[in-house]
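Just one chain is shown here, as structure tokens, and it is the form predicted on its own.
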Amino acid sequence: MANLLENVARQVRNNQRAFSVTPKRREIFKVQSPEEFDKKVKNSQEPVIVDFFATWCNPCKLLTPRIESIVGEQAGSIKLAKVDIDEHSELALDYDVGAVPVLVIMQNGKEVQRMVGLQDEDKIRAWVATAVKNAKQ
């Protein structure tokens, strides 16, 4: 125990951290153009959750921290693309988004799964875990 305390004291004196914290890897981006959507979503070999949302949508505002946290838990196994339907109405129409929020899992240019409306965190977590598991098969 004394050695541990001496080691920590030495690190503090030398302005070194006694421990390190590594943030979870999160692949989250807001789609800026249809071309970016094609490049990062449609052409992705790995699964991508597309979050169709609107800034004025209260359920969307509640969903955002839930889905971002869950994607972070997956440590890079799945990405999250956020699409503002007011900025990219053509993408919303292409994917039959009639109401928000809508989560769509895409892989290899195809829609794999869809979830409509605000859901509880456990349901979203299970849904994402299933998508990641299926993508690895």
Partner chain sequence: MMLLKSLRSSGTSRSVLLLRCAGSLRNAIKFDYDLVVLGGGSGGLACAKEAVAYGARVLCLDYVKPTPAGTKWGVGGTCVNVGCIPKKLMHQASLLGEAVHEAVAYGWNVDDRDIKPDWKKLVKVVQNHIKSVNWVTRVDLRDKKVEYVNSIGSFVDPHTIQYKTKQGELKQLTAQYVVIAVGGRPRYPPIKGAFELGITSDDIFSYEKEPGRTLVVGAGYVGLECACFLKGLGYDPTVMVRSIVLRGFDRQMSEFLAAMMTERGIRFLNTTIPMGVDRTPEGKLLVQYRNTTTQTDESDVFDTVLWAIGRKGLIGDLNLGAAGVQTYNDKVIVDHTEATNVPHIFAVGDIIYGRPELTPVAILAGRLLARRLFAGSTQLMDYTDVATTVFTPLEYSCVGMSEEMAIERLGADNIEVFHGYYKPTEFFIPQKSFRHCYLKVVAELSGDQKILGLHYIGPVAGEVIQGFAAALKSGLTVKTLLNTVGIHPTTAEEFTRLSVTKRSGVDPTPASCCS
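Computed from a prediction, not measured in an experiment: that's the story for all the values here. Numbering follows the first chain given and starts at 1.
One more form of this protein, predicted together with the partner chain, exists but is not displayed; see below.
- Under a 4.5 angstroms non-hydrogen atom cutoff, the partner chain in the predicted bound form has E90 among its neighbouring residues.
- At the 4.5 Å threshold, heavy atoms of L103 stay clear of the partner chain in the predicted bound form, well away from it.
- Heavy atoms of V97 reach within 4.5 Å of the partner chain in the predicted bound form, making it an interface residue.
- Taking the partner from elsewhere, T55 is found to have a heavy atom lying within 4.5 Å of the partner chain in the predicted bound form.
- Only one segment in the set 31-39, 105-113, 55-63, 71-79 has any non-hydrogen atom within 4.5 angstroms of the partner chain in the predicted bound form, and it is 55-63.
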